[in-house]
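Heads up, the chain below is alone and in the form predicted on its own; it's given as structure tokens.
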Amino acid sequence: MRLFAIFGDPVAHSRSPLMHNHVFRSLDYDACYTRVHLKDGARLKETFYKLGLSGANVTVPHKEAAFEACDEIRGFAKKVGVVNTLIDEDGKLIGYNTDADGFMFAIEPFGEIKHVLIIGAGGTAKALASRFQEDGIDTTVLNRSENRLSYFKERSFQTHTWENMPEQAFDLIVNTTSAGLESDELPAPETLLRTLLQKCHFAADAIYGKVTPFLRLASELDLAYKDGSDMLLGQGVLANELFTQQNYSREAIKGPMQKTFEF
């Protein structure tokens, strides 16, 4: 039996074991998927091999640490410096990123998006900003502090902190921070968020399985919104395709994985 896991802090809330285990059972694939609560991202590679894993997903706050842990980076992850999927390949740790394509899958129902504001400057923000840039979408990044914005400035993104964010109109505002995951915290001051959301068409949160304070505020302002469930599904299908060594089509994986969102 092959063993897979998700690394994160926190990680108890993760639906990934349910999603991947249901796919494995449905496809009669001899594998099991579990959670690993990892406090120190520097121990990711050591822990991966100590547990005898064949692959893993990585969630906040370890996606950049996962990039550093890899022996080889492939595809989109190489461009953004962020890894959310790990595969053991003949003793080498290979890193991929399936977050960005998962998110693009999630926002398809919103139609054409030309201007996006990303709240946060972590691994998910880097992946999404780079993916938006590839598609020619004008992207602005908003973060509490200036010190984490250098990555985005170097790549010609518009950047602002809470103190200097102008009253600007966007098609879509995306929260990529963990604010609201385990508390009633907003990802930015309410006055600022309310002003921005009033000039916006859609809102999305990378957090899934709950209406976060950010999405509640969007709802109060009658905005169409999405939590991270569709993004989770999209990235999960792509990760499972890697876990099962591309022996199954994406449609074959998507069916049973999508079913778990009804459980």
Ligand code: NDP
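This structure is a prediction, so every number in the text was calculated from the model and none was measured. Sequential numbering from 1, following the sequence displayed.
Another form, the form predicted together with this ligand, is not on view; read the next lines as being about it.
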Subject >> Option touching this ligand, based on a heavy atom within 4.5 Å in the predicted bound form, out of F67, Y208, Y29, Y225 >> reply: Y208
Subject >> Heavy atom within 4.5 Å of this ligand in the predicted bound form - residue from T191, N164, S145, S150 >> reply: S145
**OP:** Please name which of the stretches 164 to 172, 67 to 75, 136 to 144, 107 to 115 has residues with heavy atoms lying within 4.5 Å of this ligand in the predicted bound form.
**Re:** 136 to 144
Original post:
Contact between L86 and this ligand in the predicted bound form at 4.5 Å, heavy atoms?
Top reply: no
**OP:** Answer with yes or no whether L93 is in contact with this ligand in the predicted bound form, where contact means some heavy atom within 4.5 Å.
**Re:** no
Original post:
How about M231: is it within 4.5 Å of this ligand in the predicted bound form, going by heavy atoms?
Top reply: yes
Original post:
Does K63 reach this ligand in the predicted bound form if we count a contact as any heavy atom within 4.5 Å?
Top reply: yes
Original post:
Out of 184 to 201, which residues reach within 4.5 Å of this ligand in the predicted bound form, heavy atoms considered?
Top reply: E185, L186, P187
